[in-house]
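Consider the single chain below, provided in structure tokens and representing the form predicted on its own.
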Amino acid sequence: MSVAGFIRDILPLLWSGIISGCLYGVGALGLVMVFKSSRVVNFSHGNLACLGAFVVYGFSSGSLLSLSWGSAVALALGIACAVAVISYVLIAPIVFKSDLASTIATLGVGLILQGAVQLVFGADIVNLDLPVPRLSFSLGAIRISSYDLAVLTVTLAIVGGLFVIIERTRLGVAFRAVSTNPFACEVCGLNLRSVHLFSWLAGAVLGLVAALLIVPTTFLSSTTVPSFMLQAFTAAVVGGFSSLPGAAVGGILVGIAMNLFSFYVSPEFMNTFLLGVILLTLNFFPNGLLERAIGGRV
């Protein structure tokens, strides 16, 4: 391959990797929020996001109701938050006894949610688009679409909003305190359950947003969104499961790495590649790449 051909290929690959990486980062932020506060790896994250996406489809396509896309999203957010509250209420007694048991319990919750999706919406594949104009323009070798700009805008808004909440509000201060030392917080009278619930609700919202943004690039079924969360999980591992900035950066790194692997090696072994990335990261950077780069906790 010539140098000119390499440059012609690599720039679009990097750009599309950044766009898809933003989605993985948003999904990973939801996982990290729950883990930082309650030390639970929430394996129901993808199934809850899938349920929310199907609710948007059902309410906007006419299969359940015929609402506008915005109204359908608002209802889906409400339902996703309600399910997140119920899930946490079911798991809460276990959270304070065993991290492992509560993590396993999320697997059960995820399977129940997947069954609910198949029971209500069936196992068929459906399409769910974003209501954005189909526009595009070229910037050198890079083709930029309105979908790309929508993903970047939403991602920046989410990261900025999350930063403000965690750094500038009392709830955010409580979240950071519980993430650092839950025992001391409990001794001081802080209600750990309310902080846990905040992180579970934030995780549900982040998961639904990520699902709504990723579905237009593929299709919606009861398994596609949970499968997408494998990429979000990889991003959380790469960035560090205890780091919110790491989750965002890890998402972009994973997005770029996946694009390069798919183009230069093979898309058929993508899941194997992701599992290899997880194994290598856990072996050489168990607390994520950012901790090694910065030299301390992030």
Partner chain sequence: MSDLAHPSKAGLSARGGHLDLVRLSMLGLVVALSLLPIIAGGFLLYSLSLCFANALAVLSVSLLVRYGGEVSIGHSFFVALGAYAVAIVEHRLGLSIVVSLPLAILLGAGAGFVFAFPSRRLSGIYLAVATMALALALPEILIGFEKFTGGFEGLYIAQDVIPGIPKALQRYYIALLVLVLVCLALAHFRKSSQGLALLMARAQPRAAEAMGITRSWARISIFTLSAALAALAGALTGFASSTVSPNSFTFFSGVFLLVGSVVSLNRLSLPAALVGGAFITLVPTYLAQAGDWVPILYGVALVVVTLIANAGDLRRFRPRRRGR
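These numbers were taken from a predicted model, which means no experiment stands behind them. Numbering follows the first chain given and starts at 1.
Form predicted together with the partner chain: not shown, discussed below.
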Exercise for the section: Answer yes if any heavy atom of Leu11 is within 4.5 Å of a heavy atom of the partner chain in the model of the complex; otherwise answer no. Expected result: no
Problem - Interface membership of Asp129, the partner chain in the model of the complex, 4.5 Å heavy atom rule - result: no
Practice task
Answer for Ser63 alone: is it within 4.5 Å of the partner chain in the model of the complex, judged on heavy atom distances?
Solution key: no
Practice task
May I ask you to check whether Met229 falls inside a 4.5 Å heavy atom distance of the partner chain in the model of the complex?
Solution key: yes
Problem - Candidate site Phe43, Phe183 and Glu186: all three near the partner chain in the model of the complex by heavy atom within 4.5 Å - result: yes
Handout entry: Proximity to the partner chain in the model of the complex (heavy atom, within 4.5 Å), stretch among 209-217, 86-94, 140-148, 161-169
Key = 86-94
Exercise for the section: Using heavy atoms only and a 4.5 Å cut-off, determine which of Ala157, Ile104, Ala82, Ala74 is in contact with the partner chain in the model of the complex. Expected result: Ile104
Practice task
Could you spot which one of Val34, Leu51, Met258, Val237 gets a heavy atom to within 4.5 Å of the partner chain in the model of the complex?
Solution key: Val237
Exercise for the section: Would you mind checking 118-135 for residues with a heavy atom within 4.5 Å of the partner chain in the model of the complex? Expected result: Gln118, Leu119
